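Presented as structure tokens, the chain that follows is alone, the form predicted on its own.
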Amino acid sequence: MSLRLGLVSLEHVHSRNYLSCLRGMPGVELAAVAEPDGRRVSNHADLLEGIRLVSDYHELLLPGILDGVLICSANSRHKPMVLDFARAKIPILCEKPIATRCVDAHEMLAVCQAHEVPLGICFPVRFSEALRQAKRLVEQGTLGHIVAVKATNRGMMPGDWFVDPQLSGGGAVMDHTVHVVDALRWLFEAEFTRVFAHAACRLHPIPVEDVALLTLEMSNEVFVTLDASWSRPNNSFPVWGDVNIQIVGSRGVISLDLFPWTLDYYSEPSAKHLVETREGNLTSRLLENFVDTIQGKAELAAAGLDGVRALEVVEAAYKSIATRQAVLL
């Protein structure tokens, strides 16, 4: 019997990729999609043929309809949806960021725990083979003492609700900080301890920031810089954006490009430069992990607490921007 998954909202730009992956997953039935906006439904019509469509997601809370749900709504709508599905005891995979405020994220986590419902967060970077290989090299001590990380998560300005502060909670900082923060937390098994951030609106006539630069410190004494800007040209750039991570150690340097993934390893002791490149669908791996978790075959790669920790860094960054001071976590 197939596992019945539902998708709530087509608001997020990644919803089309989720639909495509879910339709092709063995042992999975895309049982229903909830979306009240007919325009969004029309834009995805080619992937919605034969799938039950509802305008009110509350219809999917009834027993026996879903075995799990993927929430792809605007950021500010995550909380009520997560709470409703948690109380219905339906496992949840929620787009990032988990919420727009840490107080809401903590409540979401508490309700899911109280009802013993898995809450996963969409951090597909965790499934990058390049990142996993980098983690092995770090744990083996191959790079020596890790000194610093230089990272980017730049993309095109997405428009739509992403630039409405009431729906998004912020601009480029809210949208792009969490992926790299989560990746580095997982990579080093360390937490962020201090944040200093600059942000502004310089590239587009929008009411939220489109350029941002964060300087961070971690509990393992690693310094991190992150460019989280919406700075890619919308019409001429060949790919949507990037997630680049350069790890500087006392014995070598690793450069990661995660879309599609490439690992460059510069080994000082062996005087070698090694390159590995591979394609891979990180979204499929994210969804497979969620399915395996529902079936009791695995644990969530990125759970609700990981979403909370990433949002704490974002909230501290906005506080730093407002005060022009470094903020301790």
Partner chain sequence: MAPGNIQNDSKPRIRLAILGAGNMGRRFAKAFQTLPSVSIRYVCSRTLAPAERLASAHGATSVTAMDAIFEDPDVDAVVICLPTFTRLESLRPAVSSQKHVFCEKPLALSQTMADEIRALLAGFPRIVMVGQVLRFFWEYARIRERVLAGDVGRVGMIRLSRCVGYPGADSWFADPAKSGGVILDLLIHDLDFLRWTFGEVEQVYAKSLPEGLSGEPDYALLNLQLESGALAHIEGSWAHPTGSFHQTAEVCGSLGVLRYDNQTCQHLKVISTVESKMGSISRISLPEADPSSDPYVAEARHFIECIQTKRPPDVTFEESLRSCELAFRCIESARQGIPR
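Everything numeric here is computed off the predicted structure, so don't read it as measured data. Residue numbers count along the first chain shown, from 1.
What follows is about the form predicted in complex with its partner chain, which we do not show.
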| message | Heavy atoms within 4.5 Å of its partner chain in the predicted complex: which stretch in 301-309, 317-325, 21-29, 7-15 meets that? | response | 317-325
| remark: Interface check vs its partner chain in the predicted complex: of 91, 155, 170, 249, the one with a heavy atom inside 4.5 Å is 249
| said: By the heavy atom within 4.5 Å rule, which residue out of 72, 108, 174, 214 makes contact with its partner chain in the predicted complex? | reply: 214
| message | in the predicted complex, is there a heavy atom of its partner chain that lies within 4.5 Å of any heavy atom of residue 225, even though the partner is absent here? | response | yes
| Might residue 161 be said to contact its partner chain in the predicted complex, defining contact as any heavy atom within 4.5 Å? | no
| query | Using heavy atoms and a 4.5 Å limit, would one call residue 128 a contact residue for its partner chain in the predicted complex? | reply | no
| query | Hey, in the predicted complex, is residue 202 touching its partner chain, heavy atoms inside 4.5 Å? | reply | yes
| task | Between 36-50 and its partner chain in the predicted complex, list the residues on our side with a heavy atom within 4.5 Å. | result | none
